[in-house]
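First, one chain by itself in structure tokens, the form predicted alone.
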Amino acid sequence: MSSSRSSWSKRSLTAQAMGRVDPITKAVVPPIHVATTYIRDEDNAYSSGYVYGRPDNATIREAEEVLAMLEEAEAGALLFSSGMAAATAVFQALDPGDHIVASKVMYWALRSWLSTEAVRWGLSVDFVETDDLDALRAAVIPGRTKLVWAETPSNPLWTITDIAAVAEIAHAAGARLAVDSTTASPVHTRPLNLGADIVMHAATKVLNGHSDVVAGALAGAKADEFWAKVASIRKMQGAILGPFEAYLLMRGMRTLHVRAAAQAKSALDLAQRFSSHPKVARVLYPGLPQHPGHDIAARQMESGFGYMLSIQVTGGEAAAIRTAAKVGLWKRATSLGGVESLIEHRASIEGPGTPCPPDLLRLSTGIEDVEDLYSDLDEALRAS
């Protein structure tokens, strides 16, 4: 077997943080670099490539390199202080008057930002079901629409958008396609290979996987003027990730393949079993053959269908809230993608205007024993 790094799989490269060994200590774990300033050369240049801590940090660059490798991003990757910082940087790189088409079902905080703050930047936004290609074509305005933003699987209904088809529609109109792939992860979907121009991750979630880092990330297909503008926004607005957070993110990504595979396997098992549960009216999970987007998901997702699912509880909103109140192993908390399984009544979190049904509970599957997870939720459902 070849010992060349160029022959290693993504899983091997990720597990070993690109296979580097610290040249001074020979440590197999990348160190944390916390310096905020760097020495100039005698000719006043910076041959090291590091000038100042806000845009230049070795720990951050190492984590970005791993993510760029996972996404096969020619332009590289950029880490941000949060998923919201990463996402809004893309919209802020647009010009006043530009038109955006975005998924109607998406992360509620970003949807709220687009509905309220984006107009202050002179942008106009239309929300459509991006899994409905006819509706998307009708919403895109050739020459004026500059960005299509699609979240797939969409949170918390887990609808599936055909990335390749949407990329074709966006590009034909002169627009870019950005995909929020947070709940898929690069283990399951690589949007850039399907025609997207930018992929966004709330790295807080499954990329980190331990619920102890708030971070965001972008990966780009092409190092063009728009990508350079996004990078400049991060630098000038100071939305950079701290070195310790980047270190923790790197630690999390090293086990990404193992975690994501285990979580997706458990999610599918739970989805199948709760589909016939007497207290569950409906299960939303793209891995189920009856899911409207199953065929597309099977085509564009690899190694499973992700770790997120939702259930709609018979008895309505009150029964759903009672169910969440009675779990023990599942934890009643927001967020997703961690090693611990989380349950949440989303409609009460998102408030007025949410597309989330009132009887819905969102489930983020962790790495616990799937039998324990099923038994715990089964008991709560029956007790409610």
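Model, not experiment: these values are computed from the prediction. So that there is no doubt, residue numbering starts at 1 and follows the sequence shown.
Keep in mind that the form predicted together with pyridoxal-5'-phosphate (PLP) is missing from the display, and what follows is about it.
K.L.:
Report whether the minimum heavy atom distance between residue 179 and pyridoxal-5'-phosphate (PLP) in the predicted bound form is within 4.5 Å.
P.N.:
Looking in the predicted bound form, residue contacts with pyridoxal-5'-phosphate (PLP) do not include residue 179, since no heavy atom lies within 4.5 Å.
K.L.:
Although pyridoxal-5'-phosphate (PLP) is absent from this view, report whether residue 205 comes within 4.5 Å of it in the predicted bound form, heavy atoms only.
P.N.:
Within the cut-off, so yes.
K.L.:
Does any part of residue 82 reach within 4.5 Å of pyridoxal-5'-phosphate (PLP) in the predicted bound form? Heavy atoms only, please.
P.N.:
Contact with pyridoxal-5'-phosphate (PLP), yes.
K.L.:
Contact between residue 175 and pyridoxal-5'-phosphate (PLP) in the predicted bound form at 4.5 Å, heavy atoms?
P.N.:
So residue 175 does not count as contacting pyridoxal-5'-phosphate (PLP).
K.L.:
Taking 71, 218 and 260 as the candidate spot, are all three within 4.5 angstroms of pyridoxal-5'-phosphate (PLP) in the predicted bound form by heavy atoms?
P.N.:
Spot residues vs pyridoxal-5'-phosphate (PLP): no contact at all.
K.L.:
Want to guess which of 197-205, 115-123, 276-284, 290-298 is within 4.5 Å of pyridoxal-5'-phosphate (PLP) in the predicted bound form, heavy atoms only?
P.N.:
Stretch with heavy atoms near the partner: 197-205.
K.L.:
Heavy atom within 4.5 Å of pyridoxal-5'-phosphate (PLP) in the predicted bound form: which of 247, 107, 227, 91 fits that? Just give me the one.
P.N.:
It is 107.
K.L.:
Looking at 214, 102, 270, 264, which is the one with a non-hydrogen atom within 4.5 Å of pyridoxal-5'-phosphate (PLP) in the predicted bound form?
P.N.:
Selected option: 214.
K.L.:
Does anything in 144-159 come within 4.5 Å of pyridoxal-5'-phosphate (PLP) in the predicted bound form by heavy atoms, and if so which residues, in order?
P.N.:
Those in contact are 151, 155.
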